[in-house]
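Shown here is one chain on its own, the form predicted alone, set out as structure tokens.
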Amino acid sequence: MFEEGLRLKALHGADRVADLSIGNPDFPPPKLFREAFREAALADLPHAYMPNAGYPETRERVAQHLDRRGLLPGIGASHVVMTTGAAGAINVVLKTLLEPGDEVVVVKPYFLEYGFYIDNHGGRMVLADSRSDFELDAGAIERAVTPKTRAVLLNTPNNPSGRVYGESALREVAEVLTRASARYGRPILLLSDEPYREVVFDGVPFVSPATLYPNSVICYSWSKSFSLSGERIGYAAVNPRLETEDAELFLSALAMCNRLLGFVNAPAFLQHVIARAVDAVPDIAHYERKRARLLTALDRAGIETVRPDGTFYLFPKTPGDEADFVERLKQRLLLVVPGSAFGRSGHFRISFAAPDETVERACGILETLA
């Protein structure tokens, strides 16, 4: 879709194409991050190899941030591995964890690359449905868990639906995993993919699944919250309450797999910056405005959608055939992604991580089409 957007812009002119296909924010990072970036650029700092898990001072600052926010109470630097984004973190955890044939349960709709990550490391993705409003269905997850299940991968706020999973539903999932771990005689790991946790609207509370289940890892990236998608900086943070005698081995293996997968270590310069700016708070008011404008346009067009709690995505239902509708939008130079790519057909994803004029152009196309 990214390449198709470039092709259409070259063919018709960038000012005529409304590309809302990719979640690629290009807004300025928070002021604190920009100041830390300038400070680090001028400072006499090392840029050489460091421990594969990252600079100790950066890991300590990340641990303090997670502890202070109540996301992983009691976590220390030894439980943090700096990675090349959340995708790097997920791949490092899966490489560490999976044996050939192990299963990973993923909830629909899901980020379309999860299947590739799991397959990369010899695993098999098993899908569990969510409810009609995209809330978690603990019963569906329980039915998907088998003796081969090694992990459950949750993404909240969810890409593509924008759903922030509620605490009650998350507690039910934690109970399912606790029972299944006891039944099968080995801990099932919960991977919590959280790159959108700062992009939450309407005062909806964000609860990290990792706070409710001890055998958990947070996979995080500053790509979305700080508008740094091209910089590739994130971490894997292991719950200090991990219930296994092999906790130290697991942490060491994460650091080793960071190297074995070719990442070696997270970028040194950005680790220096993050150590200074980890507490920066992004301004999401522009996302709230764009969400409101698109919701109005969809309503005028008679297109049904669940109001997203977070992220910068909408996941409306397609009126009629999904492929036909997405193609009709493309012919009008509006690019979106079909829902089948995310495991939930009959929908399409809109990204509003785009300039105001692009969003306004898209709204006009949607209203005219209706």
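Quick note: we count residues from 1 along the sequence shown, nothing fancier. What you see is a predicted model; the values in this text were computed from it and never measured.
Beyond the structure shown, there is the form predicted together with another copy of the chain, which is absent from this document and is the topic of what follows.
K.L.:
Which of 29, 316, 343, 310 has a heavy atom within 4.5 Å of another copy of the chain in the predicted bound form?
P.N.:
Of the candidates 29, 316, 343, 310, 29 is the one lying within 4.5 Å of another copy of the chain in the predicted bound form.
K.L.:
Could you work out which of 140, 260, 77, 98 is the residue within 4.5 angstroms of another copy of the chain in the predicted bound form, going by heavy atoms?
P.N.:
Looking at the other structure, the residue within range turns out to be 260.
K.L.:
According to a 4.5 angstroms non-hydrogen atom cut-off, is residue 178 in contact with another copy of the chain in the predicted bound form?
P.N.:
Output for residue 178 is no: heavy atoms all beyond 4.5 Å of another copy of the chain.
K.L.:
When the contact criterion is heavy atoms within 4.5 Å, does residue 285 count as touching another copy of the chain in the predicted bound form?
P.N.:
No - in the predicted bound form, heavy atoms of residue 285 and another copy of the chain never come within 4.5 Å of each other.
K.L.:
Although the partner isn't part of this model, could you tell me whether residue 193 comes within 4.5 Å of another copy of the chain in the predicted bound form, counting any heavy atom of the residue?
P.N.:
Close contact is absent here: in the predicted bound form, residue 193 is far from another copy of the chain, nothing within 4.5 Å, heavy atoms only.
K.L.:
So in the predicted bound form, does any heavy atom of residue 268 sit within 4.5 Å of another copy of the chain?
P.N.:
Because a heavy atom of residue 268 falls inside 4.5 Å of another copy of the chain in the predicted bound form, the answer is yes.
K.L.:
Okay, which stretch from 165 to 173, 236 to 244, 260 to 268, 183 to 191 lines another copy of the chain in the predicted bound form, with non-hydrogen atoms inside 4.5 Å?
P.N.:
It is 260 to 268 that comes within 4.5 Å of the partner.
K.L.:
What residues in 213 to 230 sit within 4.5 Å of another copy of the chain in the predicted bound form, counting heavy atoms only?
P.N.:
Going through 213 to 230 in order - heavy atoms within 4.5 Å of another copy of the chain in the predicted bound form - the hits are 224, 227, 228, 229, 230.
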